[in-house]
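Before any questions on binding or motion, here is one chain by itself as structure tokens, the form predicted alone.
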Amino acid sequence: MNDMTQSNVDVGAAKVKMQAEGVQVYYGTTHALKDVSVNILDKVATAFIGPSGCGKSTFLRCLNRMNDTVASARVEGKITLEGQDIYDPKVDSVQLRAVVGMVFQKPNPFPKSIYDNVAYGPRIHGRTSSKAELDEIVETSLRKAALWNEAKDRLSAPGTGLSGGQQQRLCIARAIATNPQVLLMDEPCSALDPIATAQVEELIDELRHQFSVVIVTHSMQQAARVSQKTAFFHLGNLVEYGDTDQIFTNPRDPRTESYISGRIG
């Protein structure tokens, strides 16, 4: 995935990192996602919002081919990362997921030490040549995930022994240890208390200066706090996409207005 051609498409000042065109997703005979086209910008946090079952998580999972793991799923259309079709048969989905990392709804640390959780990706993808280099990646990733100070004296302790909020930050550290270009987050705070949620939100704001961050959230307040771009999904359609401020204060589509004002969803 390292030979991707640089795309110079600009939207405002931000470069397009991923591009979806006419994406359709079927689960068996169910048409879950209908003709979605959207640009994901570099070093911008994009929020996907909408009622439960509207297709936002389905679309998120298209961006790193997680739907490949669902036997009944069929994805049509085109999704590119820096101009390269990620569904091209030559693209290895495991390698793709190193470049397009993912953090899930429930913290899911591996049953390994804190150190080994973070070191796992760089090891399997051959990103390091020495123990010193790996130590450095682990420390850097934990620092970026705002977990180093809490974890540095217990790196050999199991990751599952951390609190919920710490476990989610560990999963973020694990996702960024492979130095991805895009970080996908599927409702990363839904299992967390308000204090841990605030810490993860603060982290998202820092991480978007290094990566494209895409977050699915059921909380409109969270979308408004952490994102610069927002996409509103409803019944499998991408209804509206634009600057977060505009979506929340002056939506163009009546369905968006109804959702934001609490009349649907």
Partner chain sequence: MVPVRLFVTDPNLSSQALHMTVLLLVAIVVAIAVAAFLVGRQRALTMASGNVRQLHSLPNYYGWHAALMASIPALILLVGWLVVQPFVLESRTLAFLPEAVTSDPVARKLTMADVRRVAGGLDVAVRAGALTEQQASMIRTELTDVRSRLASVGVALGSAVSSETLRAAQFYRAAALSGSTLRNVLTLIVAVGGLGYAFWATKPAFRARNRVEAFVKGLLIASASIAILTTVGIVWSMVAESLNFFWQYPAADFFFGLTWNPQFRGGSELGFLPLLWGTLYISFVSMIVAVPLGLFTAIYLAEYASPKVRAWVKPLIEVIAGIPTVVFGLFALVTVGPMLRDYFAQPLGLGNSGSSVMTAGLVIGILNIPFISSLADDIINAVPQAMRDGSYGLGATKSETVKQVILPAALPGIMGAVILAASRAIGETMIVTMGAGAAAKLSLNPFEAMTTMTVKIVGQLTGDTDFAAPETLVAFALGITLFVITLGLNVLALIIVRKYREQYE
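All of these numbers come straight from a predicted model, not from anything done at the bench. Positions refer to the first chain, counted from 1.
The protein also exists as the form predicted together with the partner chain; that form is not presented, and the subsequent description refers to it.
- In plain terms, the part of the chain that comes close to the partner chain in the predicted bound form, with a heavy atom within 4.5 Å, is 59-67 out of 22-30, 44-52, 59-67, 222-230.
- A heavy atom within 4.5 Å of the partner chain in the predicted bound form is found for one listed residue only; from C189, M185, A175, A151, this is A175.
- When contacts are judged by a 4.5 Å heavy atom cut-off, P111 counts as touching the partner chain in the predicted bound form.
- Although the partner is absent here, A157 lies well away from the partner chain in the predicted bound form, with no heavy atom inside 4.5 Å.
- Taking the partner from the other structure, the partner chain in the predicted bound form has a heavy atom within 4.5 Å of a heavy atom of H125.
- The partner chain is not drawn, but in the predicted bound form it has a heavy atom within 4.5 Å of A98.
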